[in-house]
Ligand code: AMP
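The data below hold one chain only, encoded as structure tokens and taken in the form predicted alone.
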Amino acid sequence: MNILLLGSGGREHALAWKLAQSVQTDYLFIAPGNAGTATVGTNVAIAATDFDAVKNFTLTNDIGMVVVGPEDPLVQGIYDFFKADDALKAIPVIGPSKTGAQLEGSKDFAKAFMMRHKIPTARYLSVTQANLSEGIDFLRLLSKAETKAPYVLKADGLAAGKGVLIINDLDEAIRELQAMLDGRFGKASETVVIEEFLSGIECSVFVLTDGTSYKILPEAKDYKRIGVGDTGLNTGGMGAVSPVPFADKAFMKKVEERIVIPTIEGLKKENIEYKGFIFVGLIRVDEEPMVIEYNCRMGDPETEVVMPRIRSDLVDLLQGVAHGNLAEKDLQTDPRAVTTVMLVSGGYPGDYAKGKNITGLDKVKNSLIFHAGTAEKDNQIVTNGGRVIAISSYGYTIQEALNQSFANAEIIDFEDKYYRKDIGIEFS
């Protein structure tokens, strides 16, 4: 079978690496891909959101399955685009319908969904210019609650990971609420979700579903802040570890019974077509799991630790998603730990330079190298993004895996390279 994978980051390189291992894969194409994906498949110069170009390529190259990596094409409706086209509708798309993708595309939609299906999450209020005064009153109510500050403001729509503000001062929170509604994040913040702040430890749980049955993939914990000690600005993710020690069997049983099953059943009850990955961002509060957010795809850099821990044939699992018989498929996981450390460009997540030569890739030993933001120029691999390289390593303990990732983080080099040296420190 010929497979088309959409996307260009570290998540897509990890997915491509795993898809390429399947005996069911004849040819693997990645659109648009990066310098790393080119080593396991064929890159195609097509944007993931250019649906007409995707259609033409799919039909011309006898594509038997389309796997969608990033959220944008899902939120824009690529699943529906294929289903509505007579020439494409028989070709499975791994990813939810446009409505299903609203679990990520709209914070307001996701919170309302959780409330309807009694899925544990923080108290919230959705605010527009029309009910701004109600939003201010809600912030003041939170200031008198036991939790008090900080205050959480979330842009309703996609904002490239930058649409969440956590503010300690009430007056500042009110000012920022107004600024967001005035267009700070463009259309994404025409509606703002105010949430009660939850204090606890976070982790990510990944679910693969055919719309009826599901498989829970290995969980992971990522690290979003740029600075050591979880300080500084939020990024797309500076590293990840799997498994997560606190997510033991008792905790995961609660996750499955209180969150995963109600989510799958809720989608089915509401006739929302969902065939793909569900990323559940969780926080453990007093030993209890609560949902922070949903994503409609795999996470990044979590995919770079989750895929190496899946021993089963990924294409076979995705065939189960496509044909509605996922329950018959076997999911086997590697008991070893996997950690990933992200090398980023100097200045990230602010302004950064591109085109810096990357050296040392040929000297790496005992780690998997997933390219996040790279390109090939004059037969040389160069930087082409803020997050550049994810270094993933196995270990019988998290510390052993981290030691290997950090060792190779010193070997790979480019101008102004930076990485966090405290990834997984609480588990080592």
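Not measured: the values here are computed from a predicted model. The first residue of the shown sequence is 1; numbering continues from there.
Not pictured, yet referred to below: the form predicted together with the ligand.
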Completion exercise
Only one of 328 to 336, 265 to 273, 305 to 313, 158 to 166 has residues with a heavy atom within 4.5 Å of the ligand in the predicted complex, and that stretch is 158 to 166
Problem - Contact test, all of K98, D210 and H323, partner the ligand in the predicted complex, heavy atom 4.5 Å - result: no
Handout entry: the ligand contact at E293 in the predicted complex, heavy atom, 4.5 Å
Key = yes
Problem - the ligand contact in the predicted complex: F82, any heavy atom under 4.5 Å - result: no
Practice task
May I ask you to check whether E202 falls inside a 4.5 Å heavy atom distance of the ligand in the predicted complex?
Solution key: yes
Exercise for the section: Look up in the predicted complex whether A122 has a non-hydrogen atom within 4.5 angstroms of the ligand, and give yes or no. Expected result: yes
Completion exercise
The listed residue (F197, Y348, Y214, F138) that reaches within 4.5 Å of the ligand in the predicted complex by any heavy atom is F197
Completion exercise
In this chain shown alone, the residue from L88, V152, I226, M252 with a heavy atom within 4.5 Å of the ligand in the predicted complex is V152
Problem - the ligand in the predicted complex - contacting residues of 83 to 119, heavy atom within 4.5 Å - result: K107
